[in-house]
Every structure is written in C-alpha cells, then in structure tokens.
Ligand code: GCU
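The chain below stands alone, shown as structure tokens; this is the form predicted alone.
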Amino acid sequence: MDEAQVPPFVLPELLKAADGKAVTSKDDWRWKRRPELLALFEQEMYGQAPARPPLAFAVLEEATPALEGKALRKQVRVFFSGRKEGPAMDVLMYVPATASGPVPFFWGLNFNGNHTVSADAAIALPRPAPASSGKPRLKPLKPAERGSEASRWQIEAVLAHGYGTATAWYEDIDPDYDDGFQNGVHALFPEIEARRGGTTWGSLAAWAWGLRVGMDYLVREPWCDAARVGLHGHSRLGKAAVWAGAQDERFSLVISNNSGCGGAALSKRFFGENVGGINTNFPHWFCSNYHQWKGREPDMPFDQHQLLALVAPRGLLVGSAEEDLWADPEGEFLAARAASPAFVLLGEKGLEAHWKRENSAISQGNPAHWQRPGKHDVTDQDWERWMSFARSRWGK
C-alpha cells in the first residue's frame, strides 16, 4: 500500500440536501439532511432492518460479588423474538462494588464469547445458537479460553474509573459466515427473507440491530445511567457500532476502533481494504445494493464522513493504529474531519487537528480522533483514551 497511489477524489456534500439547498440550521439538519443520509446508508450499504421486538428478558444471575470484591456481576438473557423463547443474547454486566446508584456504562459486542472478556470462572459459556430456520448451524463454536481477550476489555480499569461495562457475543445475534441468512435473527423474519432484495439487511445491520435491542434492555437496567451509555466496537464490530450509533440517538457517545472500510474510513481513498474486497470476502455483511459499488468508489454518492456525521452532536471518537494500514488510519482521520461541519453546525467544537502519520495524541474536540502506535487491536492505551473522552462528555 502506497499513499502516493491514492487517487484524486471528491467527497459527496455533507451540508447540502438532495434538492441542492444548503443545510444552514439545526432544523435543516434534524428534519431534512439527517433523514436523507440515514435512508441513503440504509438503502445503499447496510440494508433495512425490521422493527425491534417488545423487550423480553430473563435474569440468569442477580447481582453477585465478583473480581475479588471489586465488582458486582449480573447476567441477563435478552430475547429477539419479543417472547422468552428463541434466539437471544446473553448480556454480561459488571459495575463497581461501591456503586450506590446508576453509573455510566460502556456497551459493546465481543468476538468469541462473554467468557473471554475476563477470567472470572462464573461467566456463563456461550450456548450453541439455535437453528432458527430448522437448519443446523454450519459453523461450530470456536474453542476459546476464559479471559483470552481480557486485554481488550480492561474491565477492572473501567470499574476503577467508576463506570459499568456490558457485553454480549456477536454471534448470539447473527452467525458471522455466509449461510444464506438462514440462522440468527434473520431467520426470525421469514417474510423479509422470502423477498430478499437489494436493500434487505445484512449481518452488519443485524449486529447493529442487536446492539439497539441491548440498549432497549439497558434503559431498564437499574445499574445503568441510560443517559450516559457509550457504544464501542473494534474492527467489524466497530462498523456495526457506528451504524447502530448513527441510527440510535440514545447512545450518548460512539467509539469506533480500527473499523476501516465500511466503518470510519473513507472509501474514495481506495487505500487498504476496499469496497470490492470487503464484499467479495464477506458477502453477508452488507445489503446486496452495496455490491454494485465494487471498483466504482469514485461514483458512490456517499462516503463514510456522512455516516460519522449522523452521530452529531453526540460524542464520537474514532480510533486508529499506526501499523493498521488495512484499516487506513489516515482515511479514518480524514472522515472524522470531514464530518466536523455537521458537529460544528450543532454546537460542537469539531476536529481541528491536522493529520500526522505518527501521532499518538490527536484527540481534540468532537468528533475526536485517537491514534496509537501498534497494530490492529484494542489495548489499555485505547481504553484510557476512551475513558478520558467519556469524562470530557459525561463529567466525573
């Protein structure tokens, strides 16, 4: 990958409505431009998700002391059918043991099961996902050790800052492989699948839908300060987090980490992963309309700066890593900066920094950008920056 080979490109207008009129007020954005952009990404990229079901959940474990007295742990099963049956996700929560009332929460999906985010032996193991369509899952559960991804979650550090944390396994929502959408939450909607077309939702939209169902639960959770929930995601789950956060204004801040193509990075730079590659390698992630843009990035009537702008005026932090060129750190930064005019219009400071290839402290204003040395991962450095950004939005 060579920066010198990035083609000249022109980004689609952010503050100009489809009728050509300038967007100059908060009302113009709220009632005209924002709905246009939401519809554009829904129709051309992620797909249209069905309405969320009535909330149905079962408490698997009431508040229990955990982590050597530092925390209280709770585990809840949240159902996707609107009834206490069928596909569901198990939500694992921790709050500081000293919490005397609701606390701000970080909420995000994990890759290999709740038991991997901590070595805590009481975390329930993943259940085999039900064959919603009557057909068995084609992909077996991956073996994973307890606590194998604890470094990506930094639970004790989060608790020490006074925050709660919640997570669920993303494959509880939808299997991450191309099975023709026969399992997971897609199979709950046979009438949609029977007429699957260009705008029908893919797996990224399903994971985003599941994140929003999780928020439906968190607003009811006594431990959670529902006005201060930070949604976060890494890599493909960063893509899902940005789409969920763009749609759902209940998330007071959104953190995208190394989300790259289809997430925070500009597609028109054609650097790192591109639209053709991502649709070929992961044909189930997006709606089929998105496949028409393979190799046609210059013609796309949208780009990711417009998606990031949909988070405004709430908090948005885009995270990158210097060595993660596949996710295009510069493209992530430039998308955040190009989204800034919407944030400024809505009363935020915007991103005022300039790009530097090696800079681990770019994080000014809202939206903010954070880049650290290293590779595609989530580290303790990332979490410290995320929590600093949260404090700037939520207060102490």
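Just so we're clear, the structure is a prediction, and the values are computed from it rather than from any experiment. In case it trips you up, residue 1 is the first one in the sequence shown, and so on.
The same protein also has a form predicted in complex with alpha-D-glucopyranuronic acid, omitted here; what follows describes it.
Item checked: Segment that reaches alpha-D-glucopyranuronic acid in the predicted complex - one of 289-297, 276-284, 97-105, 157-165, heavy atoms within 4.5 Å -> Answer to the contact question: 276-284.
Notebook entry, point to check: Of the options Phe270, Trp326, Trp153, Phe302, which one has a non-hydrogen atom that comes within 4.5 Å of alpha-D-glucopyranuronic acid in the predicted complex?
Noted result: For this set of options, the contacting one is Trp326.
Notebook entry, point to check: Looking at Gln182, Thr200, Ser252, Ser235, which has any heavy atom no more than 4.5 Å from alpha-D-glucopyranuronic acid in the predicted complex?
Noted result: If I apply the 4.5 Å criterion carefully, the residue I get is Ser235.
Item checked: alpha-D-glucopyranuronic acid in the predicted complex reached by all of Arg77, Trp169 and Arg212, non-hydrogen atom within 4.5 Å -> No, none of Arg77, Trp169 and Arg212 comes within 4.5 Å of alpha-D-glucopyranuronic acid in the predicted complex.
Item checked: Partner contact for Trp223 in the predicted complex: alpha-D-glucopyranuronic acid, 4.5 angstroms, heavy atom -> No, Trp223 sits far enough from alpha-D-glucopyranuronic acid in the predicted complex that none of its heavy atoms falls within 4.5 Å.
Notebook entry, point to check: Would Tyr217 sit within 4.5 Å of alpha-D-glucopyranuronic acid in the predicted complex, counting heavy atoms only?
Noted result: No, no contact at 4.5 Å.
Next item on the list: Report yes if any heavy atom of Lys21 sits within 4.5 Å of a heavy atom of alpha-D-glucopyranuronic acid in the predicted complex; otherwise report no.
Entry: Output for Lys21 is no: heavy atoms all beyond 4.5 Å of alpha-D-glucopyranuronic acid.
Checklist line | Partner contact for Lys375 in the predicted complex: alpha-D-glucopyranuronic acid, 4.5 angstroms, heavy atom | finding: No, Lys375 is distant from the partner.
Note to self: With the partner left out here, which residues of 99-124 have a non-hydrogen atom within 4.5 Å of alpha-D-glucopyranuronic acid in the predicted complex?
What the structure shows: Heavy-atom contacts to alpha-D-glucopyranuronic acid in the predicted complex: only Phe111.
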